[in-house]
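A lone chain, given as structure tokens: the form predicted alone.
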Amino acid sequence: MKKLRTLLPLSIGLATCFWLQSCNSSPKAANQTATSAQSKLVLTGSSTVAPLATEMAKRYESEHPGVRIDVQSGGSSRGIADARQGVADIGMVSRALKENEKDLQAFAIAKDGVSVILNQANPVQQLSDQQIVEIYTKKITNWQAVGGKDAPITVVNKAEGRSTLELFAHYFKLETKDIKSDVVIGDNEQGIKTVAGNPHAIGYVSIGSAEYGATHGTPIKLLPVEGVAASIANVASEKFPISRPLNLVTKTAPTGLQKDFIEFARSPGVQNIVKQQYFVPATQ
């Protein structure tokens, strides 16, 4: 009994000591956990938005030491799926949300268009909407039929899940299953390289990416649509008929670092990045 009386105060003292240590260390640990949890963002989705988001992320990281932003492309469908499933903090989507996607939150950071592109050596200067439809459904298979050289047409198409394909098909009233392609590409850069390397190829990509390439020595040209030149200037003035918003999307209302980066990406302070990437700031 005497021994028990001796041990009881000692046990209470040790328990109190552990409790105090726990109280003292808990806030610090919690802060570290919170900082760690908020020090990294993952963005996935549209290959059109990815280069723009990457440049914005670099500037954000330089202004916020300790923050890391990981940008991964893979198409707008991936951006929608990853944001909805919580795989990514922010999804990148290069089109407006569909009716069945309105459960997500969308934040426009820029505007863009979709342009048909040819190799610079191709003498064809324009195509009607009907000619483009017939080329993409293989009813026209030789450039000579549309005023070009006697050469087979190489049809370059976007892979399923790319919003550029969806916008292109929607505008030209094409069912994607009816498109007969010779080459299927993923991101815009791949499409531009394919057309630049093949004088008989036709493709369609982001206007921003195509105009940047054409003005920086890549041998491609952008075709007008409905007589309107394919250019970022005409997207900005809303004259070009195939345009779209470039969105960041989240599953719920953004908070913390997620919210701060989205506000940063929509701020006037990064409009120079938007213009350098040949897109139109969303505020214009």
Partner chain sequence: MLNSNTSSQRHSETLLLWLLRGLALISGAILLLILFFLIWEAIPLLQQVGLSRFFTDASWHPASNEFNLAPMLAGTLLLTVASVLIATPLGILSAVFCHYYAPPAIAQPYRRLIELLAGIPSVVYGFWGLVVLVPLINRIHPPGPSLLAGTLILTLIILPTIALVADASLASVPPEYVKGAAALGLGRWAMIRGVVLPAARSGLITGAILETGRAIGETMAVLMVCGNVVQVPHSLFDPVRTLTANIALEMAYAVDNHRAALFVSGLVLMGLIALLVAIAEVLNRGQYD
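Predicted model only: the values in this text are computed from it and were never measured. Numbering follows the first chain given and starts at 1.
What comes next is about the form predicted in complex with its partner chain, which is not displayed.
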- prompt: So in the predicted bound form, does any heavy atom of residue 177 sit within 4.5 Å of its partner chain?
  reply: yes
field: residue 160: touches its partner chain in the predicted bound form, heavy atom cutoff 4.5 angstroms
entry: yes
task: Indicate whether residue 148 is a 4.5 Å heavy atom neighbour of its partner chain in the predicted bound form.
output: no
- prompt: Taking 4.5 angstroms as the cut-off for heavy atoms, does residue 181 touch its partner chain in the predicted bound form?
  reply: yes
message: Quick one: 95, 243 and 250 and its partner chain in the predicted bound form, is every residue within 4.5 Å by at least one heavy atom?
response: no
- request: From the candidate stretches 209 to 217, 140 to 148, 194 to 202, 121 to 129, select the single one in contact with its partner chain in the predicted bound form, where contact means a heavy atom within 4.5 Å.
  value: 194 to 202
task: For the heavy atom contacts within 4.5 Å of its partner chain in the predicted bound form, list the residues of 52 to 78 involved, in sequence order.
output: 74, 75, 76, 77, 78
